[in-house]
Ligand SMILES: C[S@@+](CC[C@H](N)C(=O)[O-])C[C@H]1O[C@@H](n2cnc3c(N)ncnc32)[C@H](O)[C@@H]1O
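First, one chain by itself: the form predicted on its own, in structure tokens.
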């Protein structure tokens, strides 16, 4: 059996070049690939795994994807489960790994570039800024999948940190209503990035007062992130403070600060 092991791999946000070097190598070595076809570009699989047998998991159940990977392992083949972005964020991999644990099948996880960071790159935006916020919250609105009561948007919006909201753009009116129950105001800047890093990527910017109308006018209803927070104002209004890291008067373990 030739190093038969299942790899869960983050494909990145969409751009075929944003998969990690390790992820691309393992895809190239794979005999069997089960990929999230509703979100991962098929071209990425064609490029990196041209000789593998491929299953699109969009219409498959947990039992079916597990069976494909288990059969690959049983016959000494290298199996890959390819997820969009980073599989640790809304990837539903824990239940898949639990099934492999039950079957005694070894596996490993290879991280990927999350769409949160692809969207920040598109916006040319740092998500943490001195004296603005040092916290980033990754979350979603309750929909068909519920969220714990303490994690409702209205509750965590009280923190006022940068918030990256997944899987919720189709309910953006509700998102805005809940955010306004927290520390945000109608003037708080918001960006919606649809299909971050894809060729047809789209960016809508506004405030909590007008973002819902702008998103509706653009016809964006899925595959989009909502980023909200005062950090988004820095590109237009400038920085109120800068990091001490490169301050010539600031000493740290790698550099002695100078005295003006």
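Numbering follows the first chain given and starts at 1. Note that this is a predicted model, so its numbers are computed, not measured.
Just so you know, the form predicted in complex with the ligand exists too; it's not on screen, but the next bit is about it.
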Joint contact, 84, 166 and 225 to the ligand in the predicted complex, by non-hydrogen atom at 4.5 Å:
yes
Consider the chain as shown here, without its partner, and state which of 32, 194, 211, 26 has a heavy atom within 4.5 Å of the ligand in the predicted complex.
194
By the heavy atom within 4.5 Å rule, which residue out of 89, 121, 161, 171 makes contact with the ligand in the predicted complex?
89
Using a 4.5 Å heavy atom cut-off, state whether residue 188 contacts the ligand in the predicted complex.
no
Given that the partner is absent here, does residue 55 sit within 4.5 Å of the ligand in the predicted complex, heavy atoms only?
no
How about residue 114: is it within 4.5 Å of the ligand in the predicted complex, going by heavy atoms?
yes
Though only this chain appears here, would residue 39 touch the ligand in the predicted complex if you measure heavy atom gaps against 4.5 Å?
yes
Select, from the options 42-50, 230-238, 58-66, 216-224, the stretch whose residues sit within 4.5 angstroms of the ligand in the predicted complex by heavy atom distance.
216-224
